[in-house]
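This document starts with one chain, in the form predicted alone, laid out as structure tokens.
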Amino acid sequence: MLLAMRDDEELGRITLAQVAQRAGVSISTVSKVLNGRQDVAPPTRIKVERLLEAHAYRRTTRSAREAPLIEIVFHELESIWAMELIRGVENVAKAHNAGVVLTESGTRHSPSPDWMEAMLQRRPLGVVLVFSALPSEVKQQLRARSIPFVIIDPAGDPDPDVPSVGSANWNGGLAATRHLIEYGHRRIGIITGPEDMLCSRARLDGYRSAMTMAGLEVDPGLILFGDFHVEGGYDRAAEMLSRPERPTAIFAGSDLQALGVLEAARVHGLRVPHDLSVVGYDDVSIARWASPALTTVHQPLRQMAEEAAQMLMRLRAREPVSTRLELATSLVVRKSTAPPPEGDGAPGR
């Protein structure tokens, strides 16, 4: 639906009529761009968006006042950690008498192209995106319409001009691996996340650093990339545990993958933690109810979402914000880790 707009509506220091004149288009075309309509030629849309952004366009619609919403966008809603993020955004939304809209769109790197038009019809107060980065055209479209946005990035490292909230992935990988080394483990496997996610590589780098600082050799065969899901954890762990010299401990890059590792250990007739120690990552609610209770790295997902939503509201109020906020991770020791079986933890195994 095309929203009617007055010709004299101010756009920073210029009106919509002036934007239309400078872009060489009609006022209705400018209005279509503002509302995310797809029936505008890309060169025309880009020209109008640049003018809107240059003059810091900002408007408040009646629909936004009547039904304030914060939109949170995922590439998938199946993961348990998504619920923690949703609760965090909800906490802040309630404090501002706002609701929350959930959207599943695109890939883990960016939302799908058709998301923009649908979002503009909802006119949210702002958008929290759970993606590793945003294409430049998406950033430009949001800024041109004065819709604030923040990325929650457990899956990546956004561009420096994008407000974002993340956590200390390298420190988390270091702490998990050091914990296993301190128990006496020497053959430690890691099943991290997808290879193209920077959080996966940061946790892997933490693992490598811990091994190197302890003077331990890193076996390339004990480094596998997963998908952060149970099935991926099971498949990779089954591969590791079938090796002639299997690991005595596995660090899984997510709690869901760790659950898959526990099942693979059971299928191979191994007891956790007597025969195999397992460490997860995230500390989602099911971690404490696993059998045995899962030792894991606590990633403050709910707090990350709260900080992102609060950052969003400060941006909306045009208050200064830090471009990047990184929260600490911490090790939570439960029942899935122990010293290796006698003789299996010696160097060179």
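Each form is matched to the other, and the largest set of C-alpha atoms that superpose within 1.5 Å is called the rigid core. From 1 onward, residues are counted along the sequence shown. These numbers were taken from a predicted model, which means no experiment stands behind them.
Another form exists, predicted in complex with a further copy of the same chain; not displayed. Remarks below refer to it.
Peer 1: To verify the annotation, which of these, Thr103, Ser200, Gln141, Ser167, has a non-hydrogen atom within 4.5 Å of a further copy of the same chain in the model of the complex?
Peer 2: Result of the distance check: Thr103.
Peer 1: Which one of Val127, Met116, Leu259, Leu224 is close to a further copy of the same chain in the model of the complex, taking close to mean a heavy atom within 4.5 Å?
Peer 2: Selected residue: Leu259.
Peer 1: Is there a heavy atom of Ala175 lying 4.5 Å or less from a heavy atom of a further copy of the same chain in the model of the complex?
Peer 2: Looking in the model of the complex, residue contacts with a further copy of the same chain do not include Ala175, since no heavy atom lies within 4.5 Å.
Peer 1: Classify Arg243 as contacting or not contacting a further copy of the same chain in the model of the complex by the rule of any non-hydrogen atom within 4.5 angstroms, answering yes or no.
Peer 2: No.
Peer 1: Is there a heavy atom of Asp205 lying 4.5 Å or less from a heavy atom of a further copy of the same chain in the model of the complex?
Peer 2: Outside the cut-off, so no.
Peer 1: Find out whether any non-hydrogen atom of Glu239 is located within 4.5 angstroms of a further copy of the same chain in the model of the complex, and reply yes or no.
Peer 2: Glu239: no contact with a further copy of the same chain in the model of the complex.
Peer 1: When a further copy of the same chain is placed as it is in the model of the complex, are Glu84, Arg266 and Ile286 each within 4.5 Å of it, taking any non-hydrogen atom of the residue?
Peer 2: Verified in the model of the complex; spot residues all in contact, yes.
Peer 1: Which of 87-95, 185-193, 127-135, 205-213 has heavy atoms within 4.5 Å of a further copy of the same chain in the model of the complex?
Peer 2: It is the stretch 87-95.
Peer 1: For Thr107, is the C-alpha shift between this form and the one not shown 2 Å or more after core superposition?
Peer 2: Indeed, Thr107 is displaced by 2 Å or more.
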